[in-house]
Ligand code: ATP
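One chain is shown next in structure tokens, namely the form predicted on its own.
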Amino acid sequence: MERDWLSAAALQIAGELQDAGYDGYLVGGCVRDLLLGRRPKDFDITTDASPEEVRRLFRRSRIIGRRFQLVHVRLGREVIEVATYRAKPDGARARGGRGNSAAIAADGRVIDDNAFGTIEQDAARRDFTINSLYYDPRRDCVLDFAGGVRDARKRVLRMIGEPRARFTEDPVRMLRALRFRAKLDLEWERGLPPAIAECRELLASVPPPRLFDETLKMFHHGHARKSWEELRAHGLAATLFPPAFDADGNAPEKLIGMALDNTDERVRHGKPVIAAFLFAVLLWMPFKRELARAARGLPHAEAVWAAGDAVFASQSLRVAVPRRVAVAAMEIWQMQFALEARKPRAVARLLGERRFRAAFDFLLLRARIGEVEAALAEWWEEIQECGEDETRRRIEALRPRRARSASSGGNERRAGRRARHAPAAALNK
């Protein structure tokens, strides 16, 4: 493993935990990525100290979470998650009166996962073998309780325990399986695909706000296109984004595919990506269908917002989209009509809008699928590079000829009046 790739903050926190008499190991994805030859981006730590004990040990820390309580420790500019060893709820044992709690719903879902345990119990309750690896920085060794090192070397994604039972405990594990396959290009153990097919409807029981966070993990980390293909292949795309599909189960694959390619490209080059653009693309077709209905009885501007609200209300029944994201997506949609209209008085204002770049990128995608003329997208692309005089000329060229003539004549008349009333000295200059 490349030890130079390890976070100095994570190493220091793990060291301080060990100095205080507790376990302190790097765990999960960061260890997995190191074994796969990838530079980790996030670092998590696990310990036998309770959240309250961790909180007391680190001054700049706070306990977060209810279903899964952990501690955020800030060191410099980094925030490292520190979690206490968990046990499976059905085997939970209170430890020293530290407020252990665990609960399982009637359908088998774990709804309270604060049952503390040993490192062996913690390893057994993790989802995949390659995520059940612990790195001890003091001894420079990996603790492996489930065969994760072997599977990492073989590049196999294997569930710890029976897949159907583990998906029932937490259906989000199905999305994690798809994400790891897309991100890490791993082979699956044979039992995973049929288990996903059998359990995919369980995603409907997951709180919609949690699914929003999982959606961003799938689409905003450089493997969006592959993640979408995995979701489609295993029947989970329509489960997550039902409005995006028509009655025949079809989605605008070309538009979505190009948008996700664009997202992956931006991530590779360190450019920002926003959730509003993702949902603007995914829900564009249902928005247009809803707008056609709303436009029959409302002015256009009101119909746009009414249609957008209806689409996001439907979407949020499955994946809850925060209002700020929904509003931003609707602004991108609203600007499409303004960009198409190219009203001379509105051009300068549109160029200064905070959503202009996202709206323009969306217009480019629509031009590439033939939904709008390519010349329209080219015009908006070129005017962004123009100087002030050229911008005015292009805007003026948008005016109808009679309006331009009238404007030109008016300018001449105003110039004549200024000349007639100007002082003689000024005229002789």
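The structure displayed is predicted, hence computed values, not measured ones. For every residue, the number given is its place in the sequence shown, counted from 1.
Quick note: we don't show the form predicted in complex with this ligand, though the next part is all about it.
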Report task. Counting non-hydrogen atoms within 4.5 angstroms of this ligand in the model of the complex, say which of Arg179, Arg225, Arg158, Arg355 makes the cut. Result -> Arg179
Query - in the model of the complex, the residue from Arg393, Arg66, Arg62, Lys41 that sits within 4.5 Å of this ligand by heavy atoms - result: Lys41
Query - Residue contact check: Pro51 to this ligand in the model of the complex, 4.5 Å heavy atom - result: no
Query raised in the report: Using heavy atoms and a 4.5 Å limit, would one call Glu290 a contact residue for this ligand in the model of the complex?
Result: no
Requested in this report: Answer for Asp309 alone: is it within 4.5 Å of this ligand in the model of the complex, judged on heavy atom distances?
Outcome: no
Query raised in the report: in the model of the complex, does Asp127 have a heavy atom within 4.5 Å of this ligand?
Result: yes
Query raised in the report: Looking at 379 to 387, 27 to 35, 53 to 61, 365 to 373, which lies within 4.5 angstroms of this ligand in the model of the complex, counting heavy atoms?
Result: 27 to 35
Query - Within 199 to 213, the residues that have a heavy atom no more than 4.5 Å from this ligand in the model of the complex - result: Arg210
